[in-house]
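One chain comes next, on its own, written out as structure tokens in the form predicted on its own.
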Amino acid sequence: MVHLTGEPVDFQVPESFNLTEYLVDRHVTSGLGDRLAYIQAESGRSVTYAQLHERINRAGNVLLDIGVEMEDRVAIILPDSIEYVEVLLGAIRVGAQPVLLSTLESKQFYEFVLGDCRAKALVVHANLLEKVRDATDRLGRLRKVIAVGGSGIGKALSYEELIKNASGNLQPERLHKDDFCYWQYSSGTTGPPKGVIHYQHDPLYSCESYYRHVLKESRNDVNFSTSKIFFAYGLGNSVWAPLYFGASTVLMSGPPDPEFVLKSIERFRVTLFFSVPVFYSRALAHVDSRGATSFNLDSVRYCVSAGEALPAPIYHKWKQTFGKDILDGIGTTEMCHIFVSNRPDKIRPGTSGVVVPGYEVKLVDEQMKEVNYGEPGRMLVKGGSVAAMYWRRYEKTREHFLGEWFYTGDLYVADEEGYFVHMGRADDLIKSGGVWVSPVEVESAILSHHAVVECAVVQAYTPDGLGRPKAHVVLKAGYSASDELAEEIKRHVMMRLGVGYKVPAWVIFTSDLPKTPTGKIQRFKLREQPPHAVSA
């Protein structure tokens, strides 16, 4: 039966503390205040730990001055920046609860979420004020709006003016380890977003489990994450872990352009690089288009992937191109970070790896009975970083938070060596020819074709109601959609997988795939589209 436990993690936090003390204060008081904390990739602007400490205090005082109190929610809509970090930690320092939101959402999303979390204050980039204008006009609980990156506009106050005049001294609010600490909203791959609330001790647990035991992070590391801070994966990579270990971090405000990212890795001597499968694929396509590898990644100790399963062809091509392994893993917003991962000495391409120290994982069937090795099952995970609940989502909370266990919604198969292979989300599995088919397996086969940069495979049906896989394919530069290429891709899948029911009945060429702001493909949107086959 599949029920696996990672090595134990011996870590205890005190009953009363403030997370910012662990992340910043202790480095300053131990004489490491001059160490580089952050550098902005676009501008080269940087802050030391001592400077960050003062700016967090100033940000906290700004929030107090506008009336933010203990347990009030402070929504943040900012690009990755030093200001983001200081507002986030300033809110925690005064006992408020930051709500981390993407900069890429719609007006409707912002109005829904700001009302759902009952935010008392909003800190937003000046360029996004228009997107939140309706919400700020209609929501009575939202008392103050602070704009970063511009003078106060309308009702918005200027962050730069406020922080310049704020005091740099602020004692942290004493909090219980089980106090609510911060909020994130699920990425919405299967429907409306859900508010996920984490305890104050959760980030420390993920640092002591994944980052210490898998990556062996230290103060000598330089982190760089293309995944943004609002995303649980990016939050851990750019805030919790580097600050906990006294490391340095490169922040990038803009989208992950392959040329800029690869040059930044070289320029800032990045040692831990974090991204998602779609970026690794697009970076490789970018290198191919240049005709030669002109990027030096020698400083990198480990590349990491999460968010979605990393197809084996992308791993092998990255290794061949740059000589670097990619440690693929799985984490969720609800678990704070990664809990199953490949390790430097345990890499098996095409798998999510093995259980991370400090966690337990089991696979169960629909009756909650543990399945055998080699059988697909629903993934349940247990560990000290699990969130408290889904805010105001009672039924969803009961469905996923099962006592000590959290149901991720993923289907996996495990082998007897403890490696987990992702079969897709429980609602993404495909029925073809009466047999269940993993979309991840078919996607991996398609991605190994030389013309393909990205793809997604979903359930579709023939006119007479028979279920078959449907592939949505993004081509590399220099290739054009055609019936001939669609048939070539089908033959390629047949050669790789060897059975006809796994071959897509339809190959749909598209310029892009619908994604969440975290980069996850929204397959439910593709399922809603009619097949309209390109080839017979």
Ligand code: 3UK
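Don't overthink the numbering: it's just position in the shown sequence, from 1. Computed from a predicted model, the values in this text were never measured in an experiment.
This protein has a second form, the form predicted together with the named molecule, left out of what is shown; the following refers to that one.
The named molecule is not shown here, and in the predicted bound form it never comes within 4.5 Å of any heavy atom of residue 457. In the predicted bound form, no heavy atom of residue 202 sits within 4.5 Å of the named molecule. Residue contact with the named molecule in the predicted bound form: residue 232 places a heavy atom within 4.5 Å of it.
Put simply, residue 334 is close to the named molecule in the predicted bound form: some heavy atom of it is within 4.5 Å. The stretch in contact with the named molecule in the predicted bound form, judged by heavy atoms within 4.5 Å, is 405-413, chosen from 405-413, 245-253, 175-183, 123-131. Interface residue among 362, 212, 425, 449, judged by heavy atoms within 4.5 Å of the named molecule in the predicted bound form: 425. Among 309, 94, 148, 85, the residue placing a heavy atom within 4.5 Å of the named molecule in the predicted bound form is 309.
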